[in-house]
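First, one chain by itself in structure tokens, the form predicted on its own.
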Amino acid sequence: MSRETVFVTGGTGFIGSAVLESLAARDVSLRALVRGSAGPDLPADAVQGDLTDIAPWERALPAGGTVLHCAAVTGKAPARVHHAVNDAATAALLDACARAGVGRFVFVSSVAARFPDRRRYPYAQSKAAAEAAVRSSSLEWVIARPTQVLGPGSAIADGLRRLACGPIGVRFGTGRVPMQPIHVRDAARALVWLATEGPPGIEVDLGGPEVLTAGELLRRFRLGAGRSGGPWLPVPLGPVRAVLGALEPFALPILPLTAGQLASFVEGNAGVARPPFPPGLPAPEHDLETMLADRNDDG
């Protein structure tokens, strides 16, 4: 009997590469969508292509198999790009998967997709729109929402480290909103389980083993870098986000961050406990101290 095929989009990305590493230990046939050169260490058959132009590689989608959709635009990108890739391209991929007879579609979303106020956050808007497309599709689907994903190569960890570890630490807002970071390998293990063993039609938030305030998370980053616990510069969120929002239409490339990227300091970034979680969902194995120290791929 032939092995099940799992097709991973964003196979060379931060989360996608960890997902492929986890899937490589399973008895599945692996394909990965990559935009550039895959390199000799990719543990999957590379499918060259762009998410916004599906036709050239649509035939590689696995009939009866699983698509684990990790590819996304994150960070400081124009709103039109977030919507083109995270929203419109996901909807087009769902249609292509239906035509190909794909069995299961696992969508890697974000807890930001359910922020109450997404007006200044096109990434969150695009993820919420993509979730709606997933729910309305004819496929067997799963939606996974990671929190802040840390680990080797994490842009989020680098940004938090820059805020926390200067001569004076920078703290946006009150610092009291909840955070629940998860290690990239723990997120990958959970995603692989959802793709290969979990039940369909579920939405799962993926967070780490510890919930703490934003201020405490920044303090732990600072202490982990060998600095003292202070001093801190509190920065009011309202005025800063208003200024950034006004500048973004014509100065986005030179801004250090966007109004949307500060949304986590307004809304928090913790998973929502929605018991019962599906039995068998892997529990996180990496504690916060490991996440804070893990800049290199040393386990």
Ligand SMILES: NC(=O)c1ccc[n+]([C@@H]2O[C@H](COP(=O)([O-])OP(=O)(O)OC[C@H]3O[C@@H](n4cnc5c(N)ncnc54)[C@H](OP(=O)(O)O)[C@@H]3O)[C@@H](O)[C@H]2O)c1
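Numbering starts at 1 and runs along the sequence shown. For clarity, every value in this text was computed on a predicted model and none was experimentally measured.
Same protein, other form: the form predicted together with the ligand, not shown, and the subject of what follows.
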item	value
4.5 Å heavy atom contact with the ligand in the model of the complex for all of Arg35, Thr74 and Gln148	yes
Any non-hydrogen atom of Ala92 within 4.5 angstroms of the ligand in the model of the complex	no
Non-hydrogen atom contact Ile15 with the ligand in the model of the complex at 4.5 angstroms	yes
The ligand contact at Ala88 in the model of the complex, heavy atom, 4.5 Å	no
4.5 angstroms heavy atom contact with the ligand in the model of the complex for Gln180	no
Contact stretch among 227-235, 50-58, 244-252, 24-32 - heavy atom within 4.5 Å of the ligand in the model of the complex	50-58
Contacts with the ligand in the model of the complex - residues in 100-129 whose heavy atoms fall within 4.5 Å	Val108, Ser109, Ser110, Tyr123, Lys127
